[in-house]
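Okay, here we've got a single chain as structure tokens, the form predicted alone, with questions on binding and movement later.
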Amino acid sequence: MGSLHVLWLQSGGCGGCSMSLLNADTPDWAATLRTSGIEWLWHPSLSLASGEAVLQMLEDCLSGAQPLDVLCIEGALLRGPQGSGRFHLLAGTGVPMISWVRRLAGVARYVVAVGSCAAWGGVSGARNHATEACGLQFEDDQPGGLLGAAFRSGAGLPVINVAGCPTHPGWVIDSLMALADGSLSADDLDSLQRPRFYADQLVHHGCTRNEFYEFKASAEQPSDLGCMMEHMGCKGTQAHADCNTRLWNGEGSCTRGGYACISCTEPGFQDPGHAFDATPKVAGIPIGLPTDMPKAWFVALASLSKSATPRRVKTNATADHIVVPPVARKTRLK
């Protein structure tokens, strides 16, 4: 198996996905990649090369002298002002970054959008922004973006959207490893081109607050233990990601930390139209219902669940610690 040559460029964003990558759950992520046949050509924050050496490497990629297997883009693509791209020039070239990305994407075997900014435009593309930011192949949930809906990389795949804000380091490393061993095909991407190994999950899966969700025993303020869907803006039942089964730093997630899921892997999450910690409702019913659940079912089940809520669950839901522990009963079979 030959090496998979990866070039990582940063566009309009905060660099948070690179920071997240450094938190990969491995003692030595760089060695992990090397042993998997993944070779970094360059990363703006992690590589030593700079200046003319980097520019020559980019030119070599474009000429074919240097094979470019994976082009990873972190951050939104800034097309402004007025489509010129001059809000973001690649240092030392005077050429807009979007021009470099278009050319490099044209010679890469695979193109990977790292994070929701590169995938959809993300926070950089928030409402009323002046940067004309977009994703590589989407602008929010609309196909197109910088490269166009019809774009296919050298290997015949669309842009692989490893979305998230920031993206989980495991999603990035697993995607690169899958590309390295040739096991990631178009069938392994969902309708928004996210790798299905993490996008076929919901944040709700594995949430430690699921007992409260089952009984619709809801948190009413920050620090409460209850389910945050009904009042606190949590979208874990709608967000595609495995955050509560593939934990961050081996032990955490937003909901486990007491924060509502803001659905950062989904297009348009940055403009929910309401405060992130509030649940919009109509006639007392949350607008954003769990994926696949008709509203009538939710209303009926929620009513039944609330009427059957154990005192322990109801009490603990609005407390910041366990007030009523589970009752100890005899467990021996009779």
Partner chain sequence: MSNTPTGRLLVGPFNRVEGDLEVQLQVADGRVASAQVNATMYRGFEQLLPGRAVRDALVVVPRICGICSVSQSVAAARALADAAGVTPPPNGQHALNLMQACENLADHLSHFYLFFAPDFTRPIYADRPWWPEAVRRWAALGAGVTQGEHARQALAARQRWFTLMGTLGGKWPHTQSVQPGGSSRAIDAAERLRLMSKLREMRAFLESTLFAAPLEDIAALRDAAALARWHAADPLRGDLRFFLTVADDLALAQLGAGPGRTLSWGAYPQPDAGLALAAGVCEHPSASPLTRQAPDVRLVTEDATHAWLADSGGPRHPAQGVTLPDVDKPAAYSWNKAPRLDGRVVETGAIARQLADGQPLITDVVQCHGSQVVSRVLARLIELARVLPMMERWLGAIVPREPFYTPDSLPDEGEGMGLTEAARGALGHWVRWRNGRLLHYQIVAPTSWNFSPRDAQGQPGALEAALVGAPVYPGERTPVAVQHIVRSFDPCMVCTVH
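Fair warning: this is a prediction, and the values are worked out from it, not measured in the lab. Positions refer to the first chain, counted from 1.
Quick note: we don't show the form predicted in complex with its partner chain, though the next part is all about it.
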Going by heavy atom distances of 4.5 angstroms or less, which of 30, 300, 65, 308 would be at the interface with its partner chain in the predicted complex? 30
Counting any non-hydrogen atom inside 4.5 Å, which residue from 248, 151, 215, 197 sits next to its partner chain in the predicted complex? 248
Contact between residue 124 and its partner chain in the predicted complex at 4.5 Å, heavy atoms? yes
Residue 48: touches its partner chain in the predicted complex, heavy atom cutoff 4.5 angstroms: yes
Would residue 145 count as a contact of its partner chain in the predicted complex, using a 4.5 angstroms cut-off between non-hydrogen atoms? no
Exercise: residue 23 in contact with its partner chain in the predicted complex, heavy atom 4.5 Å: yes
Testing 81 to 89, 183 to 191, 153 to 161, 107 to 115 against its partner chain in the predicted complex with a 4.5 Å heavy atom criterion leaves exactly one stretch, namely 81 to 89
Judged by heavy atom distances of 4.5 Å or less, which residues of 289 to 324 approach its partner chain in the predicted complex? 320, 321, 322
